[in-house]
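To begin, one chain is listed below as structure tokens, in the form predicted alone.
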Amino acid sequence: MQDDLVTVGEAAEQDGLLYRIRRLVLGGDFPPGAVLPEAFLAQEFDVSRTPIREALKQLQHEGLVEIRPKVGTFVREPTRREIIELFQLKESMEGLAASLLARRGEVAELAVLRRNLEESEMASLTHDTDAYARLVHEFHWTIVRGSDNTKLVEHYERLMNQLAYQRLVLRTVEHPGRLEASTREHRAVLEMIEHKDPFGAESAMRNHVHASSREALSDPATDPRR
């Protein structure tokens, strides 16, 4: 029993380490192409290099880093083709989530979405791109969690990690007129959900994600030659 408890504790500790390193990569502390030094990570999280290596292997499996033997570990950015394919999946998943949420009626997530939209409109008016990017993250995740489908949430989280969506949002919100357009698209999605129209909600969400993908793919940082 004691051995089992140690094993469970070690697994939980490794999961926590993996989560923290993943947040570090996705949060932009290390930009695409940057080296992730094992020694720095071990010191930062006060662990040996062994659990760091295990976490980095998992992040490579997720497509977030690239491990080059005898060279180092580097932050990886999706290729243009991968971004296209991941956005296609994102459109389907979020469309389904909006449809499922619309079927649930007046649930707690609706209050979160209404407040989110008010704050988004204010951030758009003041051109507070950092706040807007945070609100975008909350809006989409609220809808996915509001679908009340645990498998959808599980697969969506992996998708968003692979897409490195937060980095994309931080770039695209700087595009002229994108904040205002995105806010209108969010309002259209919320209105369909409030009207309990699952087909309208799915269509509005798909249109929004498609518009977001166009913005992401038009960004100069998304190299068209890749």
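Keep in mind it's a predicted model, so treat the numbers as computed, not measured. Note that residue numbering begins at 1 and tracks the sequence as displayed. Think of the rigid core as the biggest set of C-alphas that the two forms share within 1.5 Å after superposition.
Just so it is clear, the following notes concern the form predicted together with the DNA, a form of the same protein that is not shown.
J.: Counting heavy atoms only and using a 4.5 Å cut-off, do R53, I67 and K70 all touch the DNA in the predicted bound form?
T.: Looking in the predicted bound form, the three residues R53, I67 and K70 all sit within 4.5 Å of the DNA (heavy atoms).
J.: Only one of L163, L59, M192, L36 has a non-hydrogen atom within 4.5 angstroms of the DNA in the predicted bound form; which is it?
T.: Of the listed residues, the single hit is L36.
J.: Heavy atom within 4.5 Å of the DNA in the predicted bound form: which of H175, R158, R49, K196 fits that? Just give me the one.
T.: Selected option: R49.
J.: Choose from 197-205, 37-45, 22-30, 175-183 the stretch whose residues reach within 4.5 Å of the DNA in the predicted bound form, heavy atoms counted.
T.: Contact criterion met by 37-45 only.
J.: Given a superposition on the rigid core, I'd like a yes or no on whether T73 shifts its C-alpha by 2 Å or more between this form and the one not shown.
T.: Yes.
J.: Is V47 displaced by at least 2 Å at its C-alpha between this form and the one not shown when the rigid core is overlaid?
T.: Shift at V47: 2 Å or more after core fit.
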